[in-house]
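Next up is one chain by itself, shown in structure tokens, the form predicted on its own.
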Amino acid sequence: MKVAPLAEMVVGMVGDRAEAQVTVDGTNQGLTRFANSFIHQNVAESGRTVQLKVAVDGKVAAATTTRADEEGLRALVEETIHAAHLRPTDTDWPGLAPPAMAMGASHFDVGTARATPVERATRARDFITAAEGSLAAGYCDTDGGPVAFANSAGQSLETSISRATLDGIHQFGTAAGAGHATAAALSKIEGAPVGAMAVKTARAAADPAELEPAAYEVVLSPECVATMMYFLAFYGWNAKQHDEGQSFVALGESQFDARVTIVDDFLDPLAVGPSFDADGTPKRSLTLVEAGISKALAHDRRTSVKAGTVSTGHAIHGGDLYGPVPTNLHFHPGSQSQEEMIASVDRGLFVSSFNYCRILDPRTQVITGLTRNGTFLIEGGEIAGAVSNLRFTQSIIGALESGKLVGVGSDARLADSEVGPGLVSAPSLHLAEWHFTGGAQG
């Protein structure tokens, strides 16, 4: 059964007993994993995931099922309505999204949605064979197909989405380096250059020296910047966090260096994902930071009604608890190559990726975490050698404010943040200082 009629069927089952909204995900997922330079697993899943939210006189409940047969759907409807009757009234329930058309073409590649194990294994093989004598581990996955939304207020949308990711490491002894690529189409990902990226870092990371913790000038890879942007998005540009006094954002104020422009834009050529959010609101381009000035917050229906504005199309499933989150973030690139930024550093560090980052203070964006898979000392504009992983404690806002951002790279790409692929495109950054507070043990 196609997903749009399925969404409409569930709305019909609810009838006039409740306000109802339904999302049906009909994407096909495939995963090929490798370890010790050997492909050891291939799995695939196809089916329908149905997410239902109902409101009965302002009492809201939600549930999900993977049963798309009539009996399973009726059970979902009855149990969700019953759960709503048991809930207290949600005084912030904003009502359902009105009918509106989504904008722009979908980011869909039929070949990715129908990708075979052989196509994924070919990328994995090319990643693995980028070097001899190493141990390679990682995965290649594909996801694609239709997604539909319907509600009892008459909103009905359907699109198709796709995404492919190749991610892995090469390891020589105890030294490792990572490579990553994500795109809407698997055909745009080649295993050999992604593997070569990992090999280059891993070879250079051998025999790391200990380095005294201190504030160092740094060049950060796109992966590091992607993780930073996730924290800015989840705890900063989130209108719920802002309303609760937990966000750093001061609208209209210059909070970043003038070279910082960040947008959330589903229409960007690098973007992946659907053209509408979990509320059924069409996504639209949103400038969050322009030339260093904080311009906007991401809203869903719940936060927009409360703020007396309109939704920007950033509702996520579970957003009643977490708030709206941008998921098509793009940090506008600059003109410098990563090599040029490194060459301009007299003494500092190049960091390949962050690991296990956690927020300490949302309002100042102080995070703590570790470096991983390649941290290197820069001396006289050249990589002087590898150093052991370091712990850092740093305000993201402080690192990006005027005078602290030295350079913005020209190498923007979909990078792998700590919360997953496909959410952020980011360039490398050259920062005046980053505060390292200890070794990997503390």
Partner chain sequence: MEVGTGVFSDRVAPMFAISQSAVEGALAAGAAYADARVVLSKQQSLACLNGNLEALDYDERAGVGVRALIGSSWGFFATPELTEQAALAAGAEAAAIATASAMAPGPALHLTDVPVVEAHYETSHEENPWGVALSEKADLLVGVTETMQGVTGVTLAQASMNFWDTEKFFVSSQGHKISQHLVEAGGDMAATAVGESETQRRSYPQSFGQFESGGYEVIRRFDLPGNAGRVAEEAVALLSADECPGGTTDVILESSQLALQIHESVGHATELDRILGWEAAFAGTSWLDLDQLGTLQFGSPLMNITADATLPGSLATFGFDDEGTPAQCVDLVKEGVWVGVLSGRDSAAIAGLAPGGMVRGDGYNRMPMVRMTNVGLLPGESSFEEIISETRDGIYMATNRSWSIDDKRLNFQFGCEVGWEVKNGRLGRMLRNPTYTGISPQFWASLDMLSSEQVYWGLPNCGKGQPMQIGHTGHPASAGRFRDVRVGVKG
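Numbering follows the first chain given and starts at 1. Small disclaimer: the values here were computed from a predicted structure and weren't measured.
Here the subject shifts to the form predicted together with its partner chain, a form of this protein not shown in this document.
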**Message:** I'd like to know if Ile128 sits close to its partner chain in the model of the complex, meaning any non-hydrogen atom pair within 4.5 angstroms.
**Reply:** yes
**Prompt:** Using 4.5 Å between non-hydrogen atoms, is Arg363 touching its partner chain in the model of the complex?
**Reply:** yes
**Message:** If we define contact as a non-hydrogen atom of the residue within 4.5 angstroms of the partner, is Val43 a contact of its partner chain in the model of the complex?
**Reply:** yes
**Item:** its partner chain contact at Pro5 in the model of the complex, heavy atom, 4.5 Å
**Value:** no
**Asked** For the chain seen here without its partner, which of 117-125, 265-273, 150-158, 193-201 has a heavy atom within 4.5 Å of its partner chain in the model of the complex?
**Response** 117-125
**Request:** Identify, from the list Pro88, Gly308, Gly133, Gly252, the residue with a heavy atom within 4.5 Å of its partner chain in the model of the complex.
**Result:** Pro88
**Request:** Only one of Ser410, Thr64, Ser402, Ser388 comes within 4.5 Å of its partner chain in the model of the complex by heavy atoms, so just point that one out.
**Result:** Thr64
**Prompt:** Which residues in 161-176 have a heavy atom within 4.5 Å of its partner chain in the model of the complex?
**Reply:** Ile169, Gln171
